[in-house]
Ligand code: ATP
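To begin, one chain is listed below as structure tokens, in the form predicted on its own.
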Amino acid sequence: MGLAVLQDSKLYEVAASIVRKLREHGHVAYFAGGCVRDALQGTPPKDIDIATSAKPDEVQSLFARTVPVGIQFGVVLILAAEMEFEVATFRSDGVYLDGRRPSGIQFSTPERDAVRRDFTINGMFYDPANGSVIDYVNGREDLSRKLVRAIGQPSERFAEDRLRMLRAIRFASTLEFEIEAATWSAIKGQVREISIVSPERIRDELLKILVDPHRLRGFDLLDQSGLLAVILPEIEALKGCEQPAQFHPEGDVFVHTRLMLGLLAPNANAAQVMAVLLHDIGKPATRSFDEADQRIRFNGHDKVGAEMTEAVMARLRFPRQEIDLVIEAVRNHMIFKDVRRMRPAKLRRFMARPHFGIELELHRLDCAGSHRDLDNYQFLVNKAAEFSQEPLIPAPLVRGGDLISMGLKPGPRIGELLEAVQTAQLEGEIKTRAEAIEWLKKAIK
């Protein structure tokens, strides 16, 4: 591990110039937190935060472009060279009353600032003047041991901000670290308290865990800690929900969902992750046993699951557009079993929908995480190649005006005829405008 990666960037140059300016005016200033952790691991930091003895008003007086983003907590944003740098005054915190923010702060020293932070690996400072790491919390040792350890008493750190429980799991997952025993015990003892955190903050932290390539480890830690059951009881309910072995030899619905998460592409986005996570949440509510053929069934689980998906994602305050996308994927995931029986027009319309790609990938993962029969998936891949030389839905050969000129009055009948003539076009029955006009004339009679 080394710090050379930190120094080789425009980001570093501008951040170091901010530190120099603060020092020229008599203030102590260091790089702080995650950027130091990342640099010590040889990972270029995405941003650089600065901690200083300068008070917020002093920071604002020294720099031309600032934004008081959290001035009540001593935080000012400096805008420089088209970049943003968060500059925070060294502080110690008062009592936390809401499980998120201190009731007050007191400007303090680097030592006291370090010990009020969350984890030792995030509690280090870096001095760009001489390239040294200032470590009051043994963060460098824990970094070398690949440990996520709360600073001081873990239960106190989590009581100050309950979201830190999720952050511990995120760091352990994304960095491939272990969570130190006392820290892990404190998380398991306080999981119910995560419910006091705002849904938006939980959603954002949850997504950081699940969109990361190491999402499966994060999912397992969420499960083992008990946080998953509190945040997403709908996923906890999948445990023990047995499935027919001929279609799901892997086991119950929880096992199936976990397998699919592990098969997701490393760069999967939030919608893809949520579609996998929620696609079968309707199964426990719809599970039945068919005595006639002696098998388990989940009739309508796709529709029930779509309704539940909306409730889950709305509860976590997802954007409406993303909710609708995932709902559609959950609602349609069982249609894929019928694609080889679809007529050309229906198949083209099915494949032409804007988010078909996400649904197709969900289908692939659904099969790969169960019976491993990818025939329908391959059929659609082949059809996509076959249709690639022309639009899935070609330009219409006729429009409403043509029907009105034939004597029809505006109304639903026109829409029905236009859809019917388009179907004939998609089926290859008609190919030209003249053929479409003749087809309509016969249909009107």
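In case it trips you up, residue 1 is the first one in the sequence shown, and so on. Remember, predicted model here, so these are calculated numbers, not experimental data.
Another form, the form predicted in complex with this ligand, is not on view; read the next lines as being about it.
With the partner omitted from this view, the residue of Phe219, Phe171, Phe85, Phe350 that lies near this ligand in the predicted complex is Phe171 [heavy atom within 4.5 Å]. Put simply, of His301, His333, His256, Arg167 only one has a heavy atom within 4.5 Å of this ligand in the predicted complex, and it is Arg167. Stretch 45-53 is the contacting one of 408-416, 45-53, 379-387, 66-74, since its residues have non-hydrogen atoms within 4.5 Å of this ligand in the predicted complex. Within this chain, Gln190 is remote from the site of this ligand in the predicted complex, having no heavy atom within 4.5 Å. With a 4.5 Å cutoff on heavy atoms, Arg117 counts as touching this ligand in the predicted complex. Taking the partner from elsewhere, Glu180 is found to have every heavy atom lying beyond 4.5 Å of this ligand in the predicted complex. Using a 4.5 angstroms threshold between heavy atoms, Thr89 stays clear of this ligand in the predicted complex. Of all the residues from 10-41, those having a non-hydrogen atom no more than 4.5 Å from this ligand in the predicted complex are Gly33, Gly34, Arg37, Asp38.
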